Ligand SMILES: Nc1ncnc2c1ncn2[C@@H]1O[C@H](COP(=O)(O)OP(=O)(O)OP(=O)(O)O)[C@@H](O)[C@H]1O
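Read the single chain below, which is given as structure tokens and is the form predicted on its own.
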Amino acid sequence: MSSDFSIYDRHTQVGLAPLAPGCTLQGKWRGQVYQIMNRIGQGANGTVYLALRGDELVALKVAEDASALSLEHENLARLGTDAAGRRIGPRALEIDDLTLGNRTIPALSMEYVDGMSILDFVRERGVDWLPVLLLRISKLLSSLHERGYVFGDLKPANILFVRASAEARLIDFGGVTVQGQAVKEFTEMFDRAWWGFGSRKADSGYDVCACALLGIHVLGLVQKADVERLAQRAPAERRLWLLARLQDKQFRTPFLEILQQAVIGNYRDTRSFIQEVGKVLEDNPIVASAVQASAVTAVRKPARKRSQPWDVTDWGLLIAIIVFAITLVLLIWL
């Protein structure tokens, strides 16, 4: 999972003491044993650790609020795949109370997704990939919208791209909200209401705006320092600042125009946003070829196979070749 979480979360889990690498916890009700490897994420609802369960690596989320973990487990079970059975989020494994000495710790274990953040992906593969990545994220969001939900807290820390396939995954379902309700969790940099472009009501446009703001951030046009500087201003002032930033001629591209239209609310649903981003791919042969190649090429290059040690047969063949060569040379010399 990504290590980019820390710069985006204003709130962090402070009630539970950190778990030290190497410590072992046992499930109170299910009996599973987890060995902590290292911390890989932290947010408002808990801390996520890479842990070993038997011989399997898992993502283990611990929190004080057991009800929040139960809700996330329920969301993953119901919404973790799309209608065709493709993964949207990690597979939920189990929820239990873990014991460590005299401590009892509520925990949710999930499939560990070996992936990279959108920021790392673009740094490794180039900014031409950004429309591809936003398109893949949007398709996951669209699947949630079709079932009446909004993801809500869309940010780099809550998205991974699988190394083996470059497929997108949403990895924190704690903020998933029924459409029409108030968004449960948000992060200012990617929040429509904070920028003055609409309400914090859960609708598909909220996720579309967040996805566009994510793209604008990856392009480097809005950074954490900008958000901190604008924190004391009214939403209307932030809105004007961002619009002026996006109108700067040195940044203008057709793709940025699409992101701007999404931010100001001209794409009411994910479908229309996906359609417009798709046009960028059609007009860019470099990106189109990259998309095609991604279907068979891993993000991380496969490791070279190690050569096997020679056995008796290999050595016998080598000796036979050497003897034949010596015999041939002698016949020619004689």
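Bear in mind the structure is a predicted one, so any value in this text is a computation, not a measurement. A residue's number is simply how far along the shown sequence it sits, counting from 1.
This protein has a second form, the form predicted together with this ligand, left out of what is shown; the following refers to that one.
Within 4.5 Å of this ligand in the model of the complex, counting heavy atoms only, one of 255 to 263, 150 to 158, 189 to 197, 218 to 226 shows up; tell me which. Checking each option against the 4.5 Å cut-off leaves 150 to 158.
May I ask you to choose, among D203, D96, E111, D120, the residue with a heavy atom within 4.5 Å of this ligand in the model of the complex? By the 4.5 Å criterion, the partner-contacting residue is E111.
Quick check on E167: any heavy atom within 4.5 Å of this ligand in the model of the complex? No, E167 sits far enough from this ligand in the model of the complex that none of its heavy atoms falls within 4.5 Å.
T270 versus this ligand, in the model of the complex: is there a non-hydrogen atom within 4.5 Å? Heavy-atom contact with this ligand at 4.5 Å: absent for T270.
Distance check, P90 to this ligand in the model of the complex, heavy atom within 4.5 Å: Yes, contact at 4.5 Å.
Is G41 close enough to this ligand in the model of the complex to count, meaning some heavy atom within 4.5 Å? Yes, G41 lies within 4.5 Å of this ligand in the model of the complex.
Residue by residue through 42 to 59, tell me which have a non-hydrogen atom within 4.5 angstroms of this ligand in the model of the complex. Stretch hits, in order: Q42, G43, A44, N45, G46, V48, A59.
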